[in-house]
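This document starts with one chain, in the form predicted alone, laid out as structure tokens.
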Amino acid sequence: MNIAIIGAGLAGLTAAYELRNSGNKVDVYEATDRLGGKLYTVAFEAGPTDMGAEAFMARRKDAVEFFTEVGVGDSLVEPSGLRSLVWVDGEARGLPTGGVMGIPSHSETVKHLVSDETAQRIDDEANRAGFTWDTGGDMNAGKLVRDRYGDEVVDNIVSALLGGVYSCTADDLGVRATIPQLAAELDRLAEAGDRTVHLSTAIANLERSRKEMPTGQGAVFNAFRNGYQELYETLAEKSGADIYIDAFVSSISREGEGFRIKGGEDTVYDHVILAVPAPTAALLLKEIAPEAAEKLQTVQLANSAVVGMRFATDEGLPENSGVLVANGAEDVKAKAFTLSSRKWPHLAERGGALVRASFGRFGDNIALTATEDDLVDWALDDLKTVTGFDGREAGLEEIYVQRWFGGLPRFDEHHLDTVAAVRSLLDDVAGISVTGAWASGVGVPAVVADARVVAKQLL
């Protein structure tokens, strides 16, 4: 069987690796001039440095086992464990512990970030009338938390945390789409009662179950010592696939029982796996699966930018792993800082300081319109504002600016229904599969798991 995979990001390369010993001919097409997709390790003089995702959820044992199978398990490293801060009302304050994605069960852990009135509202939530939750459905995360706890919890905490993962505020995201464990607990509570539930009760139950988990689980997050290039380059090498970069596929058409790819090799393919962003998949499916393509056109993307900076010294850099910025902060333009050489001991070993500044949320155009000089100046200015660390005085030795145009899909309260509808429609189109972050979730383990399933279905 001839198989084409469109996209040489993590999903496409994982699928190619999974098909390595299948006896099929596999061709991978990548429109850009490099592998890795939204994973991107650049060559700083001090060592490889990630300018896309930098870590993954290590509690996903399936991912760790897969990386070990691939041969890169020995490269996994753990973070320092230093706490993060959040920039609220002109101050860097401690990021709250407990809760779920910043949503607390009581006010004690967040009272330094909200007013007394909001704190009281959080503590009174269980005594108010509950809200209706449709089992198996979804709800806008921002609206839910605003209704139950107030605006400050959303703007100062929840959006700051979700923004670091999804480049969106809580008001652009769905509960089940982005905080599935909370949705599952709300399902359980709704099924046990009359569909009327309380947010604080659900969060408290999740906190309790977390405490009851066995100890010795290891660090929550891991990274690769030499960046994600270790993973995507190894997947490419061991897949045995023929990989074509700078290969822009503009359309897919039927030819007999197979498919002809415009921009690809002169081959009729028996099966095509689309491992590309939703808008690209929509364009490529337009001729062969128009209904699925129309559904995919509703998926919107967030643009962002990362400014990586290496300094000669780390003197004066706070002993924290990062700083998130509350939504609506007017004194800084960045949405977050990762103090990478504080967060990761293996980066600290290189000497000096390594910091990443992130810009852009869904709906704004900062990543599209800001010049590179502006982004760097804002990164340095904002870093000094929120941490007191003067990067110019410390000696800025290296800079890298990476813009992520359409880097992440918006996982709103309708997204999971859209994905289910697309996959259902494609069940009737023999020879076409889809995978990728929009289809499975933005986390590296989720992308890997979905791509493996898609590839195994061909076997």
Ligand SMILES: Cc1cc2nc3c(=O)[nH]c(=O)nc-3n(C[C@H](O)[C@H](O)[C@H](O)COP(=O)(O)OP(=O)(O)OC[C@H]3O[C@@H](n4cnc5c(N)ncnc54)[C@H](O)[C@@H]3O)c2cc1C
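Start at 1 with the first residue shown and count on from there. Small disclaimer: the values here were computed from a predicted structure and weren't measured.
Keep in mind the form predicted together with the named molecule is missing from the figure; the text below concerns it.
Visitor: Can any non-hydrogen atom of H414 be found within 4.5 angstroms of the named molecule in the predicted bound form?
Guide: No - in the predicted bound form, heavy atoms of H414 and the named molecule never come within 4.5 Å of each other.
Visitor: Does at least one non-hydrogen atom of G142 fall within 4.5 angstroms of the named molecule in the predicted bound form?
Guide: Residue-level check for G142: no, no contact with the named molecule.
Visitor: Whether A53 contacts the named molecule in the predicted bound form should be assessed with a 4.5 Å heavy atom distance threshold; does it?
Guide: Although the named molecule is absent here, A53 would touch it in the predicted bound form, with heavy atoms inside 4.5 Å.
Visitor: Does the 4.5 Å heavy atom contact test between L296 and the named molecule in the predicted bound form come out positive?
Guide: Because no heavy atom of L296 falls inside 4.5 Å of the named molecule in the predicted bound form, the answer is no.
Visitor: If contact means any heavy atom within 4.5 Å, which of 276-284, 314-322, 87-95, 185-193 contacts the named molecule in the predicted bound form?
Guide: Comparing against the named molecule in the predicted bound form, the contact stretch is 276-284.
Visitor: Go through I399, L408, A421, A46 and name the one with a heavy atom inside 4.5 Å of the named molecule in the predicted bound form.
Guide: In short, L408.
Visitor: I need to confirm a contact call. Of S341, T169, S239, S304, which residue comes within 4.5 Å of the named molecule in the predicted bound form, counting heavy atoms only?
Guide: In short, S304.
Visitor: At 4.5 Å, heavy atom to heavy atom, what parts of 423-444 sit next to the named molecule in the predicted bound form? List them in sequence order, or say none.
Guide: Contacts from 423-444: G436, A437, V442, G443, V444.
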